[in-house]
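Below, in structure tokens: the form predicted on its own, a single chain.
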């Protein structure tokens, strides 16, 4: 049976080490395509993303929500991604994630 998650926990860069080996969602900006992987900026931290298909190209910043599995090295093995609008508010998103993973965690996760 394949390992297909029912949900991906939303985290920010400060939480990466805590969630290694788990399925997560990260939101950030695509920095550079390196061939085997892409560099993805999450809260000022560069995360290497592997197994991402059809990397979008644009003259503007490429903002993405990437869902995948964090491996033990901190690389994100992408399963799927969604391109976000240029007006995405990263500061507000970070505040929401801190609440979701903190004081209101029981409302969102088992």
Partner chain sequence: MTERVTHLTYEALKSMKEYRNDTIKYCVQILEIEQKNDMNTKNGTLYSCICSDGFAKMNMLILNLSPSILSNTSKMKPIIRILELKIKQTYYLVINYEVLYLDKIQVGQPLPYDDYKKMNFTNPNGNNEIQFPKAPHMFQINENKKQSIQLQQQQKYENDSFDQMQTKSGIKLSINQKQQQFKPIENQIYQSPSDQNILKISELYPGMRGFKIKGRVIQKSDITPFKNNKGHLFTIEIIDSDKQTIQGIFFNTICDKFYDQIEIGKVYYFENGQVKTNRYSTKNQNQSDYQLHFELFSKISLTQDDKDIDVFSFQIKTIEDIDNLSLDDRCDVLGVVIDIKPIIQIMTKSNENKSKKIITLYDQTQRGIDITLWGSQAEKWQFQKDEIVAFRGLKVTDYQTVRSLTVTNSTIYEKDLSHLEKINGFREFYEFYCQNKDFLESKPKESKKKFALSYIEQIKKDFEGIRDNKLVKFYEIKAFITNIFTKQLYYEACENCKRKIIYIQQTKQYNCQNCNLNYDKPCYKYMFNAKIVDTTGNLIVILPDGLGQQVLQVPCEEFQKKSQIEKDDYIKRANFQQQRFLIVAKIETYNDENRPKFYITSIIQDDVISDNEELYNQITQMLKQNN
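This structure is a prediction, so every number in the text was calculated from the model and none was measured. Residue numbers count along the first chain shown, from 1.
From this point on, the text means the form predicted together with the partner chain, which you will not see here.
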Report task. Give a yes/no on whether residue 103 approaches the partner chain to within 4.5 Å in the predicted complex, heavy atoms considered. Result -> yes
Query raised in the report: For residue 13, is any heavy atom within 4.5 Å of the partner chain in the predicted complex, or not?
Result: no
**Report entry** Non-hydrogen atom contact residue 95 with the partner chain in the predicted complex at 4.5 angstroms
**Finding:** yes
Query - Partner-facing stretch of 81 to 89, 63 to 71, 37 to 45, 22 to 30, counted where any non-hydrogen atom is within 4.5 angstroms of the partner chain in the predicted complex - result: 81 to 89
